[in-house]
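Take a look at this single chain in structure tokens; it is the form predicted alone.
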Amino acid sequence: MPLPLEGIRVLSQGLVWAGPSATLLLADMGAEVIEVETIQHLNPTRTNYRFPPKALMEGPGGTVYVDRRAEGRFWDRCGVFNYGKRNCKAVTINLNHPKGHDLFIRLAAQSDAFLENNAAHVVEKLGIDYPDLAAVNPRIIMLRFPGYGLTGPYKYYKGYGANVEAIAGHTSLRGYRDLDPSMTPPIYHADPTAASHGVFAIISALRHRERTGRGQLIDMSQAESVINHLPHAFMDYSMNRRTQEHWGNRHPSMAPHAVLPCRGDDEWIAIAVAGDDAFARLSRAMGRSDLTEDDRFADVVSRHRNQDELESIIGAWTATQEKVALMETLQAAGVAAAAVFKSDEMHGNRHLAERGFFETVTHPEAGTHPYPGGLAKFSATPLHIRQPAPMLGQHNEAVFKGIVGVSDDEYEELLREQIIGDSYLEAAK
């Protein structure tokens, strides 16, 4: 059976993490995603360095490159790119050159959509904004999702996940309760959130095109996508004029709702108790049924007011337990609980193994590794990693000759003039 989005061609300048999160979803569902890069400038999803310094490769920054190797085509060994761009194709075009600009326009004329999350001025400066593309292809759908959208005083502000989450109010909520925002861990929630919103928007626009025959521009703000994930805080202020601050691991109404220590070094379990019945089950599992008779913990309101004391009691018990066994015990008792797994434990997790979550992929530069699998399990159209992420410029010939209709002579001219290529210019010297 054809995959859900098979037959849809999407051009992409999906950068850093928000962009690759979107192309991953589209490509996994069968769309022909063509990443448009250039040999004149680095793709920050692949690398920020033409010549990575030794200190970088030996430090945390080097962990994204297979075996921390900086020689050869190291940009094709980047784990971030190779995960986010699996099932995609890749071409290179110098969009600043008139011939390169013409090449892109010709490709856009044969495409269904174009997504990009550059800073707001980039595509305007390059002459590949929606009016430019719609002039040659009225059916094209263009998703633009910079940090703060295409209108308003923040339009040209630059930002990454940490900045977008801060301006959206997310950072002020998720830190530790006893520390200021400087100790808030960076989770970059804005990136995959915006990607999911963007993919849904593209699919919706494709449905609209089926009815009308016309494409459209989608203006999306990454920050606004995050704001939609914080309804409790905005409603609390709207109704109660109360400004929420750092919650830590607590919850507006559940108690206990915490991550507590388990036996061993840096071992933890997350427990969430929604009501009195669940608390009674937790108390019995602890061998402390008396807790339900304690006035401090007798009901949800009391437990919420006395969380410090309650977490101290429960934490003293969890600290004596092995986390996986405790998770299984509490789940059997009807208590929502989960062991906190580290990345190495995820690869050997028996639940994920039984579901076939990880798929083995062999990449010509990066080698053979397990990759997180598809976004969902479709019964009629199973999703799998069909091909590894593309190397820089890997599909130039197939795309430009096969889709655009470039002749052999024109193709060789594009190579000679370095409008296209398969290696970064400076790194190739």
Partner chain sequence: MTSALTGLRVVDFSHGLSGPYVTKLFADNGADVVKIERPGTGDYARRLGPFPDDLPHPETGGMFLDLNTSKQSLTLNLKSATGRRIAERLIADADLVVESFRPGVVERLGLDYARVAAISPHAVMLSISNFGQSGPYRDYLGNDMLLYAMASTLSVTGQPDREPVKIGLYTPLFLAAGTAAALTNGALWGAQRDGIGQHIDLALMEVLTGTLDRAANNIMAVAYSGDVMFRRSKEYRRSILPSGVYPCADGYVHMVAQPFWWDRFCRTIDRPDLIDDAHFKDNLFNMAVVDELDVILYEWLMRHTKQQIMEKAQGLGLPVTALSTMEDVFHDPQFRSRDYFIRLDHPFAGELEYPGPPFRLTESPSEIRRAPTLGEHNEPILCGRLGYTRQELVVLRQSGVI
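Values in this document were obtained by computation on a predicted structure and should not be read as measured data. Positions refer to the first chain, counted from 1.
Keep in mind the form predicted in complex with the partner chain is missing from the figure; the text below concerns it.
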In the predicted complex, does residue 21 have a heavy atom within 4.5 Å of the partner chain?
-> yes
Partner proximity in the predicted complex: residue 317 to the partner chain, non-hydrogen atom cutoff 4.5 Å | no
Applying a 4.5 Å heavy atom distance criterion, does residue 403 contact the partner chain in the predicted complex?
-> no
Wondering, does residue 155 line up within 4.5 Å of the partner chain in the predicted complex on heavy atoms?
-> yes
Using heavy atoms and a 4.5 Å cut-off, decide whether 172, 181 and 239 all contact the partner chain in the predicted complex.
-> yes
Though the partner chain is not shown, can you say which of 122, 291, 105, 270 has a heavy atom within 4.5 Å of it in the predicted complex?
-> 270
Sort through 334, 131, 72, 275 and report the residue having a heavy atom within 4.5 Å of the partner chain in the predicted complex.
-> 334
Go through 225-233, 282-290, 87-95, 296-304 and give me the stretch that gets within 4.5 Å of the partner chain in the predicted complex, heavy atoms only.
-> 225-233
Is any part of 368-405 within 4.5 angstroms of the partner chain in the predicted complex by a non-hydrogen atom, and which residues would that be?
-> 369, 370, 371, 372, 375, 376, 377, 378, 379, 380, 381, 383
